[in-house]
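The chain below stands alone and is given as structure tokens, in the form predicted on its own.
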């Protein structure tokens, strides 16, 4: 870890911080951050350590990381039904991967904090009017008006409160019986039930139900946490460094620093400069860290990045999330895997098949094709098998809702059908049925 004598939670301010909002009033920002620094942590150091121990198993292929959720959470979507539907689909996917794939699954949601997003430009121009870019609900509002686009630091406080209420509900669901294996059939959404994926899922659910009843019959107790509860961890891109610093706390048990805004944080492709503020900040906190890697990566820079973020080569500390695109993955992934293997790096390798497979339809709708998404996952697995390395997880943008945002899948959504229920304010997401289809197909690859 970072030398504690040199690193402190504010040392990132001595480095270039990209993708930060142009706040109009520094005094207001300071007031909000000072307030956030006094509020309770959203997650706890012990939970973060538990996640790191589980991720260490994904390094060696003894567990599989399922990370998924919204591209960018919206305050208006922080409702009990929406949170429940997202949890449902994550639970469904995890049970498919565990039961059909035969491997423990680490469930990490892109949830309870994914309220900020990077942009390719600071401003946006429409019909001759230029306003600041929308940087997520934690910064400004999506409506294209001068007033809505002014960054407002009070939204960071609202983001904290929204994350706290989301976490409160998730904890109730995962520990209060909703996530119990006895209820596995109840997780199937109505619109999925009659689909081929829904029927496959129901067959699997019945098998699990029979197994539990068999255990009861022969006297093996099933009233245990492993059956009645589940673990779900949270993650988001650590983008707004002031917010992340305000929620970074010193753990009284170990004396280590933890960013208590989420269990796992990741650095995006646009902010992973080795000498940048985001790397400086995250190298000193003891959370598991993810790093997004696109197709134009520089191998030597990635090695410097790995050494900076995980100098002790601790298993479970670092997840590299490759977002390469179907056209690039076969060419650019093997050299990276080969070099990391040669260096002996302990890494969780995760595939983000979403970001580099986006295209725009003739009508101007941003979408992704299910076949491209799954083909990239397949190439990811095959590259690992041929290099003798471990495919450790997937990172998906998905929702439990019946959206039409990605084309293809079992129902074969076509471009013209995207407008039927296109709800995202950010990137196109897999719906529950498409997500389940991905899980069944990944399970086959894990098993082999």
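What you are looking at is a predicted structure, and each value in this text was computed from that prediction instead of being measured. Positions refer to the first chain, counted from 1.
One more form of this protein, predicted in complex with ligand PEP, exists but is not displayed; see below.
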Residue 153, heavy atom within 4.5 angstroms of ligand PEP in the predicted bound form: no
Residue contact check: residue 71 to ligand PEP in the predicted bound form, 4.5 Å heavy atom: yes
is_contact(residue 242, ligand PEP) in the predicted bound form, heavy atom dist at most 4.5 Å: no
Residue contact check: residue 323 to ligand PEP in the predicted bound form, 4.5 Å heavy atom: yes
Location of ligand PEP contact in the predicted bound form, chosen stretch of 227 to 235, 329 to 337, 93 to 101, 110 to 118 [non-hydrogen atom, 4.5 Å]: 110 to 118
Answer option from 366, 341, 270, 82, heavy atom within 4.5 Å of ligand PEP in the predicted bound form: 270
Candidate from 175, 286, 355, 158 lying within 4.5 Å of ligand PEP in the predicted bound form - any heavy atom: 355
Partner contacts in the predicted bound form for 423 to 438 (non-hydrogen atom within 4.5 angstroms of ligand PEP): 427
